[in-house]
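Consider the single chain below, provided in structure tokens and representing the form predicted on its own.
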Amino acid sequence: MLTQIAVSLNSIANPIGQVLLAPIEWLPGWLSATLIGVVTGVLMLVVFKYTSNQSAIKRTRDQIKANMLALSLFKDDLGVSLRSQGRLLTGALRLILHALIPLAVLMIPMILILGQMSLWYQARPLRIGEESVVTVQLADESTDAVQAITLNTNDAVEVIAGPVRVSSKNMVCWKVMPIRDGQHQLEFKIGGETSLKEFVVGGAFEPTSQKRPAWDWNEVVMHPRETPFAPDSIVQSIEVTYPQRDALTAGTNNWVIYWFVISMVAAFVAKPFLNVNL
């Protein structure tokens, strides 16, 4: 059920992400990553404002300030200090509780946004002449398919080596090299069944799906672009190794850290202008 929900959400997020994130293709990486961080940070702040109990948060913050002032004024009074410290801890716990509903509301949109961003920043497309490894994972019960599966050749990809068949892991690998720019499809055949995998060659910034996932909600969330294989499919997943993107702000894995920092900074800068209590 979780996998089906993830697939349904991706079917909505993919076309929206394709339109809204299209400027990434022609903007510098640092600029697009910064703009996305700022916009999502402000949007998260707005959602937090309208899904949280702002008056209760304000009262709790006022109580925390009052107890901090009591600690400063009556630091020589052990009883007052202990009571104030206890109230500070209670106030901090209340703030956490007040944030739970907004965080629950924000969780799914943020997961979808990060999934869409990963298509642009986590890896870069292959360039003509760069070698890559394509790995097909087959179902556990399909040992005969390891010997039967084939990769159809086309005018966009040249097979350099393989197939290497690892029967113990139900896995088959090929080493390939792109020979033409564009978004292509790798075609695999087992008997009468055909399985496709997107293969991207070309520009610096294009959405790049590293894996067509199995029917598993975790993989579907991590690799949202392509339709997952059905639970009863002989082929369970197909993965292409793409080069890492080297950039401090929009590079492989770095983009997540940069997005988080920029979105938090944007939210705190916008907080007084939007009159939000956090």
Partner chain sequence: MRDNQSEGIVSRRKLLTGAACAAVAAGVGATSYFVGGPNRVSRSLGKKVIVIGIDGMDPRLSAAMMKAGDLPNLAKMTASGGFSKLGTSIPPQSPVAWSNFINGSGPGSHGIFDFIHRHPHEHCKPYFAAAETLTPEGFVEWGDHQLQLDFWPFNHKPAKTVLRRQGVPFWDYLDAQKIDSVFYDLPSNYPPSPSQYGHHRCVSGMGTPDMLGTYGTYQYFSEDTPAAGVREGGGIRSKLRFENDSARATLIGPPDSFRKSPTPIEIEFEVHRDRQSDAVLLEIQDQKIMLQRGQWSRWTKLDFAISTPKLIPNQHASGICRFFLQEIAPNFRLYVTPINVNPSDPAVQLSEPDDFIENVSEELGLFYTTGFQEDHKARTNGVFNDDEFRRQATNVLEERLALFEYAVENYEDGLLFFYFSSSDLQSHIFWWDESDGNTQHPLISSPEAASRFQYVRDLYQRLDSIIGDINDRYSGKATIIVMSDHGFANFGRQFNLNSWLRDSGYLNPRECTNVLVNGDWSRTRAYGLGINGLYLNLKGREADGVVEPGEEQEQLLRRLKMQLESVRDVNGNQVIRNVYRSSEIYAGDATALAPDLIIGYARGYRASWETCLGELSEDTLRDNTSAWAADHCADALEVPGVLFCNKSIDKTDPSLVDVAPSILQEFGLPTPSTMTGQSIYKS
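Positions refer to the first chain, counted from 1. This one's a predicted model, so the numbers in the text were calculated from it and none came from an experiment.
The following text describes the form predicted in complex with its partner chain, which does not appear among the structures shown.
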Within 4.5 Å of its partner chain in the model of the complex, heavy atoms considered, which of T194, S72, S167, T153? S167
Going by heavy atom distances of 4.5 angstroms or less, which of E158, E206, D77, E130 would be at the interface with its partner chain in the model of the complex? E130
Decide yes or no: are R61, P102 and M222 jointly within 4.5 Å of its partner chain in the model of the complex, with each residue judged by its heavy atoms? no
Any of the heavy atoms of T135 lying within 4.5 Å of its partner chain in the model of the complex? yes
Does I257 make contact with its partner chain in the model of the complex, using a 4.5 Å heavy atom cut-off? yes
Does its partner chain come within 4.5 Å of any heavy atom of P243 in the model of the complex? yes
Is there a heavy atom of N253 no more than 4.5 Å from a heavy atom of its partner chain in the model of the complex? yes
So which stretch, 180 to 188, 84 to 92, 158 to 166, 112 to 120, is the one near its partner chain in the model of the complex (non-hydrogen atoms, 4.5 Å)? 158 to 166
